[in-house]
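Okay, so here's just one chain, in structure tokens, the form predicted on its own.
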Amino acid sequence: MRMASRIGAVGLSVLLAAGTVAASAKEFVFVSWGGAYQDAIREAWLKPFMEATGTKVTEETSPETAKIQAMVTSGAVTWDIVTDGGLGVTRGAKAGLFEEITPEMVDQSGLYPEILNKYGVPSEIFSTAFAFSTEAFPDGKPQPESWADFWNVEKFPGSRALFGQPQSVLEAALMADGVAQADVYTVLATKEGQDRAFDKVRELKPHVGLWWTGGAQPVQAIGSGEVVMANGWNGRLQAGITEGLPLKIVWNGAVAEVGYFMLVKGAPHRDDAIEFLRWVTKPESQAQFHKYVSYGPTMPGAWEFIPQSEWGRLPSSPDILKQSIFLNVDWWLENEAAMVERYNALMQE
């Protein structure tokens, strides 16, 4: 009987110890959009973080706003960190889905100030630029250098591909029409400016052979000779160049955007998730992402850790950023529905 009691006591202590270990285990759930983007996040940040801290990271995909809304509303939150662009983080914040990131939680003082958002930690910078076929416009002959050239079908003949959504296209249209980069959103804020942008797109429409909806399409279209120029996401364009396709990126007038990591309100592993957000905002960490996809870091300090030979393909490098504008998220949130409706109508004219 005494032996049984001792065994019982030992068993209880083992169970209590196991419970303590389980309670103290570090973990969180990370949710992004899958594909090459999530693969890059895994290699650049998730794996090194897990190895350095012993934290278990479970990955899921497709962090649509509706899914997050359902979790937060029901109080059954199973996700900790989700990713999206500037429009997504701002929409989610207005819906009360994300926790505000305070300086005490994550020090973001070293990041580019124009990309800060109270409800998301900037993870990377990417751009919509345009590329042209070096077979159609080879070295030694005139090559496109601006959005004005993209629109100039007399000097640079051939079919174009344009994004099937108005974001970044309206901005490009105004720059092609002579609007200075610094004035693009001042002009777009007026009905006359919006008319001007749509008229410019309408001018190019007869020469648009493809309204693309997937990031690989413009790259494939240039590679196959279907079009001679296309706007596109810089990571996809660079991937085409790396694969040997005859493309060259023009950065002048690129429309830069920011990826963000957000902390879901009610996140079950909040403290461990915050530790990861701190990890991502270190210059040494920021300098890793470009190895897997051609997106740029979110802080000036990261360039110290990136070879200068890589700067020319990264949209937040000093020289490229000077040629770029940032997508105005607030303007698009206010005007998106009307612009999309008008853009769809234009494509069907």
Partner chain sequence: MTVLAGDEAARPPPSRLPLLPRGAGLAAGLVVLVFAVLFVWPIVRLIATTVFVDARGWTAFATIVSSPMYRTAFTNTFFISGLVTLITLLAAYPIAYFMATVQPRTAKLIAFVVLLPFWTSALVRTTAWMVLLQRRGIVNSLLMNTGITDAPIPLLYNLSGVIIGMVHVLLPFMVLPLYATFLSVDQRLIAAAEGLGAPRFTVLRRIVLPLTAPGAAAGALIVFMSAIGTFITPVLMGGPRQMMIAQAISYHMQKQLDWQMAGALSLVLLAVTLVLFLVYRQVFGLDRLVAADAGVAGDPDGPLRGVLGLGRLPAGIMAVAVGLFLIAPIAMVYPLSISSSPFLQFPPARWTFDWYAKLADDPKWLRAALSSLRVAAEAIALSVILGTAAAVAASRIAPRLRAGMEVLILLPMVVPTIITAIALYSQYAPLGILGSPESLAIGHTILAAPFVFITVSASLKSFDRNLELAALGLGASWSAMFRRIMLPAILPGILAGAVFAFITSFDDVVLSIFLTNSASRTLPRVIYEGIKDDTDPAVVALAAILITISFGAFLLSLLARDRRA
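Quick caveat, the model's predicted, so the values are computed rather than measured. Positions refer to the first chain, counted from 1.
The form predicted together with the partner chain is left out here; the points below concern that form.
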* Among Leu170, Val187 and Gln288, does every residue place a heavy atom within 4.5 Å of the partner chain in the predicted bound form? -> no
* Glu336: heavy atom within 4.5 Å of the partner chain in the predicted bound form? -> yes
* With the partner left out of view, is Ala25 within 4.5 angstroms of the partner chain in the predicted bound form by any non-hydrogen atom? -> no
* Ser309 near the partner chain in the predicted bound form, any heavy atom under 4.5 Å? -> no
* To do: Determine whether any heavy atom of Met50 comes within 4.5 Å of a heavy atom of the partner chain in the predicted bound form, and answer yes or no.
  => no
* Between the options Gly266, Gly193, Gly223, Pro144, which residue brings a heavy atom to within 4.5 Å of the partner chain in the predicted bound form? -> Gly223
* Structure fact -> In this chain shown alone, the residue from Gly140, Pro113, Pro103, Gly214 with a heavy atom within 4.5 Å of the partner chain in the predicted bound form is Gly214
* To do: Please determine, with the chain shown alone, which of 248-256, 203-211, 105-113, 149-157 has non-hydrogen atoms within 4.5 Å of the partner chain in the predicted bound form.
  => 203-211
* Asked: Is any part of 232-256 within 4.5 angstroms of the partner chain in the predicted bound form by a non-hydrogen atom, and which residues would that be?
  -> Trp233, Arg236, Ala239, Gly240, Glu243, Leu245
